[in-house]
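One chain follows as structure tokens, the form predicted on its own.
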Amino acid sequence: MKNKFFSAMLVATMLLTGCAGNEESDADNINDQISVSDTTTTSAATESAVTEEAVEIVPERIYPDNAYKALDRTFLSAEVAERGSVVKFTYETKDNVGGGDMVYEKYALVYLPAGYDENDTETRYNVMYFMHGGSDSPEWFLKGEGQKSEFAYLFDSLIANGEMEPAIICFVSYYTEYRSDDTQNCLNFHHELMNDLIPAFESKYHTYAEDVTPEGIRASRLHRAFGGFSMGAVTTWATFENRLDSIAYYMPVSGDCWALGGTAGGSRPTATAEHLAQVVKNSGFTAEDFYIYTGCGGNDIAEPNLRPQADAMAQLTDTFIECDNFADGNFYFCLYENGGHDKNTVLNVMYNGLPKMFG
């Protein structure tokens, strides 16, 4: 028992102090995830059931099968008809939890699909917010404004190949100037997301939100996703717990839910799964109202924590319906067999998961 406990703590320490490698990119030896304390999160589940207003959108599309397929690496470099662009977006935020009047400026890096026209107010786009891992930044994905990257090429290729509808993808950061506890930053990021980032971002870019009032954001939830890698996945699970009324799609990669403590997805998988199911019940939503596409690598340091949680969730079939097609359910666990805790795993999960978003 003592050896099992020591192994769990070792994995947690590795997750939080960094263990990412990627032979395909120039971001080797990424320090990922921060030091674990016996942290719990208060799940502010939606207080009452949300009654969505019908929103007329695009014609209904068919979800492609979720079954895993190997990444077509030509998608990361092949020339396509059009390339999207990478731009920098700045916004103001504050300490939404601790209070105070101090205003801070933060930034995100944004992928805009080819053909995006800021003057075209008729065309609307699905939007995904995606969070980096520990000791990293939005540059880990997109390098910088105006730069080329494997992630941008992947999005271009998926769109050009007809596998993904044009979408805006906003890469964000949980780091703050007012709090050095990164775990708490991740668990509380949903406040900044809803109060500061989404209203500013979706006022500027043409998403499906008719307005950025809480009601307008809730009404467009089926066109909004949140995902993240490693500590970004921890952030994603916390966002699922607290903002199910405003976001319908989730993509946590290489990280488990820490609602019951750091790496509890591995040490307490059944309790974690039951907690997440209770969040859904308390929110007034059902299995038909959200979708989770999660995944990791077979050699990923996060695998011993995420896979047991995913297996336990799949047993709760009234809430998490495992499926090969999101037309038949709402939950899929994607395993990149040879993947580690690195960019290749994120690219593989995104390659398989992004086409399933926003059906």
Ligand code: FER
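Every value quoted in this text rests on a predicted model; they were computed, and no experiment measured them. Residues carry their position along the shown sequence, with the first being 1.
One more form of this protein should be noted, the form predicted in complex with the named molecule, which is absent from this view; the next part is about it.
**Student:** Among 123-131, 238-246, 252-260, 99-107, which stretch sits within 4.5 Å of the named molecule in the model of the complex, heavy atoms only?
**Tutor:** Careful reading of the contacts points to 252-260.
**Student:** Could you confirm whether residue 231 comes within 4.5 Å of the named molecule in the model of the complex, counting heavy atoms only?
**Tutor:** Result yes; residue 231 sits at the interface with the named molecule in the model of the complex.
**Student:** Just to confirm, residue 310 within 4.5 Å of the named molecule in the model of the complex by heavy atoms?
**Tutor:** Contact with the named molecule, no.
**Student:** Using a 4.5 Å heavy atom cut-off, state whether residue 334 contacts the named molecule in the model of the complex.
**Tutor:** Output for residue 334 is no: heavy atoms all beyond 4.5 Å of the named molecule.
**Student:** Given a 4.5 Å distance limit between heavy atoms, list every residue of 294-313 close to the named molecule in the model of the complex, or none if there are none.
**Tutor:** Going through 294-313 in order - heavy atoms within 4.5 Å of the named molecule in the model of the complex - the hits are 301, 302, 305.
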